[in-house]
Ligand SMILES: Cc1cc2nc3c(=O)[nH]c(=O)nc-3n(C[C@H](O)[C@H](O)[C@H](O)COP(=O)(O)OP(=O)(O)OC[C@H]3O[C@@H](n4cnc5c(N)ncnc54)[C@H](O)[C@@H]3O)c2cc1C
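Read the single chain below, which is given as structure tokens and is the form predicted on its own.
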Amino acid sequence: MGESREKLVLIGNGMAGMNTIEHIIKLAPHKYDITVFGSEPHPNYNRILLSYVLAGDSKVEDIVIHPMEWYEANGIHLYSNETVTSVDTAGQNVTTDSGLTVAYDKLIVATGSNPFMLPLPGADKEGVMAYRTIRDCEIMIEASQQYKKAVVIGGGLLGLEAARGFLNLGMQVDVVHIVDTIMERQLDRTASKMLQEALEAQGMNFLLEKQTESIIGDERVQGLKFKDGTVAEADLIVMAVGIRPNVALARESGLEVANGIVVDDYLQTSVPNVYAVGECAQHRGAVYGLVAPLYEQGAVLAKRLAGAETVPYEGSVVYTKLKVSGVDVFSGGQFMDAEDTKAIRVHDEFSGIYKKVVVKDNKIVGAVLFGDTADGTRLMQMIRNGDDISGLEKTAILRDNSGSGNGGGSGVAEMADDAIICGCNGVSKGTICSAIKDQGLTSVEEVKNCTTASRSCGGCKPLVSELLSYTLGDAYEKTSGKETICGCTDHSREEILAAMKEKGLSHVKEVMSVLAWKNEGGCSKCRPALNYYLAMLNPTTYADDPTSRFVNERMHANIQKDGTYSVIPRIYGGVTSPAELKRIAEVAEKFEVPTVKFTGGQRIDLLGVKKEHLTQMWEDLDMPSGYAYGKALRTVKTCVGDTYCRFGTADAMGMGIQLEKRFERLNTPAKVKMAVSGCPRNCAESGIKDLGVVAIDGGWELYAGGNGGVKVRAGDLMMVVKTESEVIEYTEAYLQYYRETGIYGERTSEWVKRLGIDTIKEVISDPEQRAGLCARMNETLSVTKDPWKEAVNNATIRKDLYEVVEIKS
């Protein structure tokens, strides 16, 4: 029998708590049985990067730090979408909102913080929200598709990121702030005004020195009224006015709480065996909201719990280096002038660069950098070290080091090995350089995966790149342009596909083994991609690897934020019948579906379905899966065409049904939506679909690469054909070419832009190439099966995926 492990429970699946767990696993991998509870339905993700998701630059899966597979691989019991509601500190156990009780030997409370909502009259109206979670991002993105005017209350970092996201979503945005400078907690007046000017040039409108009085509107918000009597119109109001430590559970459980949960220098709370870390913890009277101090706390706590020697946590020097809407900003230490300080300033109004270093008693105590933050890391190191600068030429402190040879503008060559490069994760120059040499790292992504440097805010990526250049010299230049599919491998997509073909690779793990994957088991980026590429190359022989699919695709239903599922049956061309509608209604009643909603793709969404009801519901529906969860054909939207419309020139519904029946269940690099319009009035919105079909007199126009999502793009006219059979033939060729050349996760709008519509036209216009593409498409479609029917008819699938087992302890 193995050694008995202690039970470690973490309340809070966020960055601070999970960073602590990651450290503990490295230090003492066999010491604990670890259980994690998180109120959100997602694995641990990088909250700092939510703005990139909102801006449409990243997808949710891109900001995940620890994918579900990581928890499984490390033997961690994760209960997502489950909230701990009580802690019995005498009995040493926790109980959740579902009634689950789990015992602990050691407990970490990392409940983070809650967004502060101003108690304004009208704050409960529809359209008033905070900005804190993935779900908040999703709501904001959805709102942008219907509404045009947003107001953000709060001119701090979070508020500005939200405002930038709204601009990217095509909305007008006002930023309301109570004082006359933005980001006043990080920037002095000069830097703040420079940032304001830069953001105004991007389209933001600032309403400064404004005190909000009430939110006006009926059921939904219509505007924001100020105490000076003025009003700002708004369809959506986001409050980004700060956060408050989430201490309700701790207080109810008897832990000492002030502003946060009071902890000592080893993060111990007032109760034995209970620790607190992150935004909910209060140490020596201070509560921190930036990630670097939280990780510093986590490092100390992890060593403590792992039984390793550690120095106490004595507080953090707060600093931040970030990019606000594309503008580089650094702020650290005591950056405001005081009676006992002097400052060194450089202000280049032509280049938009401002630098200020604050000095007290011949030591640098703070700095603000705007426009050029290359000196930030070096200055922060001098602040930490308390370096005496009395012997230095003062102007040299801000001197550009670009002429010093290796290392670039920040002078990485002259940095000491213990200089901290990544403040968020506490990674030093020496650690990074050693990893580059010892592990053969050649890219920023590889350094991130190996050392965690640049994994959080990403502000140190340029420095990491400079260290790569400094360490590898010309060798880095030769490899830096190569784009690998993820940090687990040095190989690009093209190299991997070539190896699959040449070596006859047929399994995900085989690919990883033969191509010497650096991360055994891969990650959430490469495993689904490899699974797709193998299936695309070998459609009739490849056995799909469900473990390499995202959870929604494994379950064939979209998991919702409350842990229930969404069920959308296929309704070909958006055309149904009274009998089918009656059956859907009966199923909805039988399973007490709380919400039945029509989707934008002309079908019906049954929301709030329990996991254990899925297969029985599918059997009762007796309809094919609508694939609303997959990287596959989703919908073919149609208008009524010439069947009923006096303007219609062709049978749009019939054409749409043909297309949907032909390509249902077709896996593609990303989701695919189609539409068929019966005339150029385009009532089915064919111009913004991955493939849009528009009837014209005597034929059909085919449009490629349209998108109606975050990055709206009108499709390019790809082809004009005469007959319905030609529509099918050219669509087959188009989709197969996309399947073969698209990057996994790449929508057709991005793919068309990358390849160029002329290239795509040339390929599918060529009879020989088109015939080959259609033949391969036909082979692929010949082996597809409906996943709902498979699950209904297979007891093993039902047991493994859909059976619910109650856990009692």
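The model shown is predicted, which means the values in this text are computed figures rather than measured ones. Quick note: we count residues from 1 along the sequence shown, nothing fancier.
Separately, the form predicted together with this ligand exists; it is not shown, and the next lines address it.
- When this ligand is considered in the predicted complex, only one residue from G630, G687, G112, G487 comes within 4.5 Å through any heavy atom, namely G112.
- Proximity to this ligand in the predicted complex, defined as a heavy atom within 4.5 Å, singles out one entry of M719, M239, I571, V291, which is V291.
- At least one heavy atom of E161 is located within 4.5 Å of this ligand in the predicted complex.
- Interface residue remark: Q658 is not counted as part of the site for this ligand in the predicted complex, having no heavy atom within 4.5 Å.
- Shown alone here, A733 lies farther than 4.5 Å from this ligand in the predicted complex, counting heavy atoms only.
- By the criterion of a heavy atom within 4.5 Å, I760 is excluded from the residues contacting this ligand in the predicted complex.
- Residues placing heavy atoms within 4.5 Å of this ligand in the predicted complex fall in a single listed stretch, namely 275-283, out of 173-181, 518-526, 275-283, 662-670.
- Along 663-692, a non-hydrogen atom within 4.5 Å of this ligand in the predicted complex is carried by no residue at all.
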